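A single chain, nothing else alongside it, follows as structure tokens in the form predicted on its own.
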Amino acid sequence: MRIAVIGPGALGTFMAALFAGENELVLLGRREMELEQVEVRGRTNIVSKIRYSTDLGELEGVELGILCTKSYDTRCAMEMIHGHMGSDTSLLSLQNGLNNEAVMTEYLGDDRVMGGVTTHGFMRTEDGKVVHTGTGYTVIGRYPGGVSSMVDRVAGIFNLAGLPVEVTDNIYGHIWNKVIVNSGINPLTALTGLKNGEVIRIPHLQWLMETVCREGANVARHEVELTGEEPAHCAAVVARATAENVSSMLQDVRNRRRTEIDCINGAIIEAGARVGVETPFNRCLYSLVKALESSYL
């Protein structure tokens, strides 16, 4: 399959390494880089030769695009790429947060948009190099729900490449699940400087993580059918499985970058206001992270 991975961050670099061997692949970014190969170490070890480009013309003829940008860049990315995508190109989001897929459908319609979540942990060390710090699961599906032959085909490519993928007809429920889990783990790591696993080893932080997750679940149930175990339990499982991971939000704080707090806790706050559910714990973490951001942005 001809694949374009859009966004050369930690997740995008991993996806490029994963698919480069058996597919015709291009890794697209906005910044000029001398990048001829990508390297993954840790739980997975891959070195792959790739083609990196800033030329959006590379999207011509692509069958599958995988969007791996930060959530706050989704609309900007869609503005840039949608005019270069063929009418047969499908686009899969593996980003954090709510509403990425909704923005994508504004440009492409429902039939060409897939949503996805992954709970694997990745940490970028330098251009083209990432550490796979924690194993998890990956789920993809037609957005906002249902099934399609393209989803099954993409799942087959993931599985062939060695990353097991589950197909679902309720991807929106899975996206909400991940947002709730992230709302409990990521802000706490960003505020304390701790790795994921340390959050559940400190009783005060574990209590706060679980409380934030339960609050988010109370909001989500007004909008979607959640999947699997209780989100508070899922958060503990994810934190344990990615114990050595430095969360993306903590990486952003350390690198003095904008975080994705708006599309995680911020999105839960907005949804809570829409359905009439109070979200004081999410609002507290949101305010603290925004204050931390404002100290360096």
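Just so we're clear, the structure is a prediction, and the values are computed from it rather than from any experiment. Numbering starts at 1 and follows the sequence shown.
Quick note: we don't show the form predicted in complex with ligand PAF, though the next part is all about it.
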Self-check item: Heavy atom within 4.5 Å of ligand PAF in the predicted complex - the one residue of 38, 238, 68, 271 that qualifies
Solution: 238
Exercise. Quick one: from 227, 119, 148, 74, grab the residue that has a heavy atom within 4.5 Å of ligand PAF in the predicted complex.
Key: 119
Exercise. Classify residue 182 as contacting or not contacting ligand PAF in the predicted complex by the rule of any non-hydrogen atom within 4.5 angstroms, answering yes or no.
Key: yes
Quiz item: Looking in the predicted complex, any heavy atom of residue 248 within 4.5 Å of ligand PAF?
Solution: yes
Quiz item: Does ligand PAF get within 4.5 angstroms of any non-hydrogen atom of residue 242 in the predicted complex?
Solution: yes
Quiz item: With the cut-off set at 4.5 Å between non-hydrogen atoms, does residue 170 touch ligand PAF in the predicted complex?
Solution: no
Practice problem: Using a 4.5 Å heavy atom cut-off, indicate which stretch of 174-182, 78-86, 100-108, 159-167 touches ligand PAF in the predicted complex. | Solution: 174-182
Quiz item: All three of 206, 211 and 279 touching ligand PAF in the predicted complex at 4.5 Å, heavy atom to heavy atom?
Solution: no
Quiz item: What residues, if any, in 183-200 have a non-hydrogen atom within 4.5 angstroms of ligand PAF in the predicted complex?
Solution: 185, 186, 196
